[in-house]
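A single chain, nothing else alongside it, follows as structure tokens in the form predicted alone.
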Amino acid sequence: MKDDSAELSFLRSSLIPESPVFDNSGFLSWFDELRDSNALHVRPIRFDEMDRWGFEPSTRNLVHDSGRFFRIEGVRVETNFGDDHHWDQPIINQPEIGILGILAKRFGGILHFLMQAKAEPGNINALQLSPTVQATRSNYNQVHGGRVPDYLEYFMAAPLERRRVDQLQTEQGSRFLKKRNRNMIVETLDEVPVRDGFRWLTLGEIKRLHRLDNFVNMDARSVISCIPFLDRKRGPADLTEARGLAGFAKDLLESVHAEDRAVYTMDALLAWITEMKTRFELRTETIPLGELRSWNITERAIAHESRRFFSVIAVDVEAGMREVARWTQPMLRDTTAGHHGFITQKHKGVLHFLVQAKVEPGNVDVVDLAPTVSLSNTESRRANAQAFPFLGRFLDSRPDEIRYSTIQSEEGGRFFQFLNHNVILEVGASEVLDVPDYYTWMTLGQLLEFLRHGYLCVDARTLLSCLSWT
């Protein structure tokens, strides 16, 4: 076997649905036992019951008395994107950059990834598959008074040549103010002690777990999405395991390496993105939470008077598997699921993804590249689906068009039981779609290249992380 590039090493691991080294046949039972033995108790409380959290007297911003972690502030938004051009809303301001890291190591010549069963207060099922490390700067500086996260040292001092992925990626622009995290995959040559709650998995095993509802957490999906499968010098034909692929899996892999048959060149797509960033305007002014228009602050919630949007609540948490055993905190809550979906279609015989340029109030640079549909509160929009491009196409899709469909949670450390329906459709090559000019077609290889440079929103990254060749 000749040595693989980093990209082909990732691809090889993604094509192996069962580790040849570790017996993971009982993985789901192990996971369930951990969930049962490490119960997470979360209960909503009044804001005045929180410990070390409270409203600033002058602004009514919700803050921690250390001045660290995050704060809930208000923003006043003006934009020429979409139908709503002016609004106020609460937003999470957490300027520090955290680490989302997965440790990788070769066993039997195959890359394996050290994944964690981690409990978060907002998870609908408490425990989800998580990166080796997910920690804010406040966490790993022990502002909370707890212990340092396991395996953090592998990422803090990783040599450049061992960093297989090291990228800054954005969080939800609709909920966070210009928030980014460092997404890392570090390959180690060291012997690694496997602590309780951790297991080595191939990428293929992780991809299969993506098919389960609410199982792979958002932070893990973000890191997995950053994996570079694009090797311009050598392609999938160099891997024996890739030669037997058929159907949508084969089309996906060909779309990674088919830039010569793309509808648009990378230069043309960069020009389109530049045009979107100059056409659309975004002015986000930070204002005191107490000055928000149409939002009410009660003893238990910060909520819009229409009750159509998310709210802010307070929770008390008891956890057996965390650096801190008990704490209180504010969280964002939404009672209805959102919808994130890509439409795919073959052009020039190559599978392409329909991508939109989307403006959100917390975006770092006006627009991010988002899925074809990227909406929260789908139920409130269903009656007026025609106002949202392509939403009706998803709501009326046929079973034979669906290539992927699961319910996935938002990040459970800040969002209380936020759910989104994630769907990938393939429509027939002859179907004519009315595509607005702030949408465009990209191959999977082009999407992965833009992702590497931080252009894709987390909704798009979640969907790409779920793509599988097996």
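Numbers for residues come from their place in the sequence shown, where the first is 1. The structure presented is a predicted model; accordingly, all values stated were derived computationally and were not measured.
Although it is not shown, the form predicted together with another copy of the chain is what the next lines describe.
Engineer: Among the candidate stretches 180-188, 338-346, 126-134, 104-112, which one is within 4.5 Å of another copy of the chain in the predicted complex when only heavy atoms are counted?
Structural biologist: Among the listed stretches, the partner-contacting one is 180-188.
Engineer: Report whether all of Pro228, Ala271 and Glu275 sit within 4.5 Å of another copy of the chain in the predicted complex, measuring from non-hydrogen atoms.
Structural biologist: Result yes, every residue of the spot touches another copy of the chain.
Engineer: Quick one: of Asp365, Glu285, Asp196, Glu291, which gets a non-hydrogen atom within 4.5 angstroms of another copy of the chain in the predicted complex?
Structural biologist: The option sitting close enough to the partner is Asp365.
Engineer: Only one of Ala319, Leu209, Met266, Ala385 gets a heavy atom within 4.5 Å of another copy of the chain in the predicted complex. Which one?
Structural biologist: Filtering the options by heavy-atom distance leaves Met266.
Engineer: Answer yes if any heavy atom of Asp166 is within 4.5 Å of a heavy atom of another copy of the chain in the predicted complex; otherwise answer no.
Structural biologist: Close contact exists here: in the predicted complex, Asp166 approaches another copy of the chain to within 4.5 Å, heavy atoms only.
Engineer: Do Ile97 and another copy of the chain share at least one heavy atom pair within 4.5 Å in the predicted complex?
Structural biologist: Because a heavy atom of Ile97 falls inside 4.5 Å of another copy of the chain in the predicted complex, the answer is yes.
Engineer: Tell me, yes or no, whether Glu281 is in contact with another copy of the chain in the predicted complex, where a contact means a heavy atom of each within 4.5 Å.
Structural biologist: Yes, Glu281 sits close enough to another copy of the chain in the predicted complex that at least one of its heavy atoms falls within 4.5 Å.
Engineer: Report yes if any heavy atom of Phe450 sits within 4.5 Å of a heavy atom of another copy of the chain in the predicted complex; otherwise report no.
Structural biologist: Contact with another copy of the chain, yes.
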